[in-house]
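Just one chain is shown here, as structure tokens, and it is the form predicted on its own.
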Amino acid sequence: MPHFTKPAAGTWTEAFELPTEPVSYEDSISPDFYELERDAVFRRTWLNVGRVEQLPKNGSYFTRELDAARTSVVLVRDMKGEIQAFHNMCRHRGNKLVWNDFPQHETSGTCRQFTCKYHGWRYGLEGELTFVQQESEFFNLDKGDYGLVPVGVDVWEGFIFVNFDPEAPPLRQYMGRLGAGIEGYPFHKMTQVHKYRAEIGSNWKLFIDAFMEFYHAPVLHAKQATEEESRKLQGYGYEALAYDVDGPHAMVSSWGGMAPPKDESMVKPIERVLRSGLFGVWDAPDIGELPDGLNPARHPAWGEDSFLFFPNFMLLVWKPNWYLTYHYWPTSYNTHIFEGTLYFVPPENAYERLQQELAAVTFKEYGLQDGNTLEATQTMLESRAVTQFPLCDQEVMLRHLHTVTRRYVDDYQQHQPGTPVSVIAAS
């Protein structure tokens, strides 16, 4: 049941039927638990790997390295205009099929066929094997039996997703009520893209934790505001406008998109000159009416909504008519790759470009502060000097994320005979 305003009695945590006692973070520091997550979560859920604009014409392709799912995939728009996805693997000797100078690096481009660098086998854009070097030297080889291995692929609102589970529900069904509530937002109009990528020394869930609560913002990000405003923010603290959950997915609705701010002295001189900053360009472009799923509390101070589509895709829609995406790609139990991407309506002149650039570099500064802090968190969690941690009601989405992840692992173990039993107890 959705909760658009704080419950009259009790707390958000209790309203979502989550426990209130201190929690364990063993699920973020256990190598054994991470190995279970790889199969239980990342090979059984829909993973966003890009947008349709990355495949602008027939023959366009790009690759994604999905270490947590134990594979690499290639996405391609075939000659019929359909988007296809395949394991990035030649059927001859298992070589990675599509790569340039460095096999671990992602790549993109345009082609009419894929050719293996090792022995020259070729594949059409629909995955069919079309050429075998010295085919007569093989024994009863039927090329029809050796096409590329397909991966489940679907598109929601221009976002391309893959899924390795043949029994997975349809993507739109998986996106649920929260996804349905923002369908129709003009994502396709925002094609000016700024992307950041960083290797973070923490568990993937810890970074999601940082971005699904703003309780930390008045303290950690204090120096991003003027000194006087920083003191005010730390005194006020933080309380969200609304929270919501739908199955494995979650949302936090927040004030904070003050663009322009009520008092321009609150912000730094460069922000006043360019009329832009962390919350985006102050003079928002006209993109039409917003979907009903945004600003669910209908609060006049609404600034942005942060949606977490489990497991690792976050979508932030801002009041000044732009949006952000976050992706957290695990590479081990205590490392992951973080991607932050900003999307704007394309600027019409140099001034508008500078406004967007300021928003982008300001976001980068905030992201660096968060990433650095998370590495400090990871190292101390691994010490296990303390094993139980209290969470406040403004950290309710953290409880939800870790609870959902454990449930996926538990369900996987129950349906996989012989799987080692997780040592992580529900908390």
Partner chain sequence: MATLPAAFAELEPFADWALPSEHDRYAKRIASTMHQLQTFYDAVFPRLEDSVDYLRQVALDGISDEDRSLLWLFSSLVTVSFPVEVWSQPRVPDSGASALDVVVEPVP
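This one's a predicted model, so the numbers in the text were calculated from it and none came from an experiment. Positions refer to the first chain, counted from 1.
There is also a form predicted together with its partner chain; it is not shown, and the following applies to it.
Chemist: Candidate spot H194, I270 and L358, all three in 4.5 Å heavy atom range of its partner chain in the predicted bound form?
Modeler: Every residue of the candidate spot has a heavy atom within 4.5 Å of its partner chain in the predicted bound form.
Chemist: Counting only non-hydrogen atoms and a 4.5 angstroms cut-off, does V151 reach its partner chain in the predicted bound form?
Modeler: No, V151 is distant from the partner.
Chemist: Just checking whether E348 would be counted as a contact of its partner chain in the predicted bound form - the rule being heavy atoms within 4.5 angstroms.
Modeler: Answer yes; at least one heavy atom of E348 falls within 4.5 Å of its partner chain in the predicted bound form.
Chemist: Is K364 part of the interface with its partner chain in the predicted bound form - any heavy atom within 4.5 Å?
Modeler: Judged by the heavy-atom cut-off of 4.5 Å, K364 is in contact with its partner chain in the predicted bound form.
Chemist: Is there a non-hydrogen atom of F159 within 4.5 angstroms of a non-hydrogen atom of its partner chain in the predicted bound form?
Modeler: Taking the distances in the predicted bound form, the answer for F159 is no, it never comes within 4.5 Å of its partner chain.
Chemist: In the predicted bound form, which of 270-278, 72-80, 244-252, 111-119 comes within 4.5 Å of its partner chain (heavy atoms)?
Modeler: Selected range: 270-278.
Chemist: Report the residue, out of R177, R172, K143, R353, that has at least one non-hydrogen atom within 4.5 angstroms of its partner chain in the predicted bound form.
Modeler: Contact with its partner chain in the predicted bound form is made by R353 alone.
Chemist: To verify the annotation, which of these, Q369, N48, S30, T377, has a non-hydrogen atom within 4.5 Å of its partner chain in the predicted bound form?
Modeler: Contact with its partner chain in the predicted bound form is made by Q369 alone.
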